[in-house]
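The data below hold one chain only, encoded as structure tokens and taken in the form predicted on its own.
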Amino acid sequence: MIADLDTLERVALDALARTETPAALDGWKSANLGPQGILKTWMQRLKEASRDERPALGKRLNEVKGALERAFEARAAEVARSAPRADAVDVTEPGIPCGLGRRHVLTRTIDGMVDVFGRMGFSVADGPEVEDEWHNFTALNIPESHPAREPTDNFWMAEHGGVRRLLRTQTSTVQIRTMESTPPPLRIIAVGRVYRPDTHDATHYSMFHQMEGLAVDEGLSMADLKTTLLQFARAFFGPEAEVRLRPSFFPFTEPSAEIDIRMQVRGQWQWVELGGCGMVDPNVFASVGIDAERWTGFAFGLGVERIAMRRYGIPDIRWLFDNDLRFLRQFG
């Protein structure tokens, strides 16, 4: 029986040396050292040995058990060192394909508009989206009694330090900030998000984008304004595009007009209302310290979503903000 134990030890160690994975190690341990393993069976066979053989057999059995346990621990450490880590990268495994990104349809529209006005000498100006009453209303000649200041038309915030703030409702605030810090002549466009508590439907959203332009110089007139808009229309929509101005009213311009552009919509030329414009009101110049006797200016505002929807035939403004890749991939 001592010889049998010697054979058991040799065979078990040979099998252990061939294990390569944690699963193989677990199988070896169960077969040799587990509750139902071969060593457990040998311990039960001690009862079959004679009284004289039992001490030597028990000693040898303990030696074999100890040898197998030490060998198992050593082999388990070797396998653990050679096994790949859970966070390791297998450089031979095929990678996950990365889809090519593309500009959002609104970004494409804004970039195109900025490019056209940039070629006409307009620089890009920026300003905060959280504004105060002065820049959003007062400096723009909007009186306190005007409906545009009503809580139902604005996202008002808590008063802080005696100043009421709100999410800006127009990028005209950037025009005011630019005139406060930059003496004329100047020519800028301001593009960014604006906020109004509108109910979401096919043509309204509580957040949208505006691009407003401002030019201040000596001797500017409505003719310069219409020429600028016409040049933009033909560069952006095609050489057959036209512009017409319809009389309107805005507190910050005088005279004021609505902007209609004749553009292609789904292959057909149509008149589309895109925004408002006019000559800068002298009261606005006075609020920023510009001499209205010397300087004149014109301003215009265009809805970016409105232009994108007409240009690309998009019937619902909500589609622009749903982040549905099936929709966005249409605009390469």
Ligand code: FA5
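Position 1 is the first residue in the sequence shown; the rest follow in order. Because the structure is a prediction, the values reported are computed rather than measured.
The same protein also exists as the form predicted together with the ligand; that form is not shown, yet it is the one meant from here on.
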{"query": "Residue contact check: Gly297 to the ligand in the predicted bound form, 4.5 Å heavy atom", "finding": "no"}
{"query": "Any non-hydrogen atom of Cys277 within 4.5 angstroms of the ligand in the predicted bound form", "finding": "yes"}
{"query": "4.5 angstroms heavy atom contact with the ligand in the predicted bound form for Asp115", "finding": "no"}
{"query": "Non-hydrogen atom contact Glu131 with the ligand in the predicted bound form at 4.5 angstroms", "finding": "no"}
{"query": "Stretch in contact in the predicted bound form with the ligand, which is absent here, among 244 to 252, 119 to 127, 176 to 184, 146 to 154 (heavy atoms within 4.5 Å)", "finding": "244 to 252"}
{"query": "Option touching the ligand, based on a heavy atom within 4.5 Å in the predicted bound form, out of His204, Arg103, Arg193, Arg234", "finding": "His204"}
{"query": "The unique member of Glu240, Asp198, Asp217, Glu78 whose heavy atoms fall within 4.5 Å of the ligand in the predicted bound form", "finding": "Asp198"}
{"query": "Residues within 4.5 Å of the ligand in the predicted bound form, restricted to 206 to 225 and counted by heavy atom", "finding": "Phe208, Gln210, Glu212"}
